[in-house]
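Before any questions on how it binds or moves, here is one chain, the form predicted on its own, in structure tokens.
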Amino acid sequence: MKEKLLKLNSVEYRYDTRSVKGVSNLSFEVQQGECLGLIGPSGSGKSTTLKLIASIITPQKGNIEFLKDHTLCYVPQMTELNNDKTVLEILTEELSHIESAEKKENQARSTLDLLNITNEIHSKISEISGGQKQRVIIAKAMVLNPTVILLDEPFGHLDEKLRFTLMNELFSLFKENNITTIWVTHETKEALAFSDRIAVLNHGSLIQIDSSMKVYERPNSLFTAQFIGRTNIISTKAIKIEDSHIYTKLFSRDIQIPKPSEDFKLKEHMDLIVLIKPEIISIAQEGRFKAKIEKQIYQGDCFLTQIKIANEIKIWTYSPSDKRFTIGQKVAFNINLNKVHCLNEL
């Protein structure tokens, strides 16, 4: 069991009393060495949360507690580097507390070695690539040997391939060095890929905080379900509720789906929202359900395929890139009902 490092207790910060911008009643904990991703729409409070943790701004209500000694570094959304300075000069500027020039250079070299940019140590910022500049920005933070690093969308301006390569290296490095990482991203797929847990924010409130897999597969609200990935959302009614299962009707068929939790509040004949991820739907010759092909969108490794059921409901699934259907073609499909999730909100 990892030790708790940080607690936010009912934290509130509003930029304007007439505005919803900021955060309200924000409470969660962060463990030593974990990577927590903050996601949500623009203006949901992600960057504000980072600035509060970094003590750049102070909570108007509530408090933030660090439960262990720590060294914290904050990497803002945009960091400008002086093009006329060398990589070494940029890093040694952060080490003003060290008197020896030799020790400064040794520490800078050690940090650059971790980030695979030692060869650029004497290059001017104007002479290195965008990806290398981003490594220098991270090196500026890591040269101080932080135990906590806060990242506010620092990779957003890089192209997709370079961004993934850099994040894959950096998050592995943070994990190897037991650095607690809290980061903001607008790319939900990246949040799922690199975060141990994800905090979903909306209008300054914490909607859900859980493991990446649970936030994706078992969202606690319609908002999270719609925000994280692509989800087919079907309204129906509960027919029968048992200890671990709910019986309902889906596409004119009686089905049984897992009950989300023991304390899931639902009565017979109440409204029910069924959440079906496209990847748990498979077009099959002997499928239980019937539909027609409505649309196919080529994705490279697959088709994003929309099918229409007889009652005019349209849902999305994936089909292999070598399997092209004709629009209007009749098909059958199956659903992995054990993977279906449901909510009792409308």
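Remember, predicted model here, so these are calculated numbers, not experimental data. So that there is no doubt, residue numbering starts at 1 and follows the sequence shown.
Not pictured, yet referred to below: the form predicted in complex with a small molecule.
- Partner proximity in the model of the complex, defined as non-hydrogen atoms within 4.5 angstroms of the small molecule, places exactly one of 294-302, 277-285, 44-52, 310-318 at the interface: 44-52.
- Though the partner is left out of this view, residue 324 does not reach within 4.5 Å of the small molecule in the model of the complex, counting heavy atoms only.
- For residue 21, a non-hydrogen atom is located within 4.5 Å of the small molecule in the model of the complex, even though that partner is not displayed.
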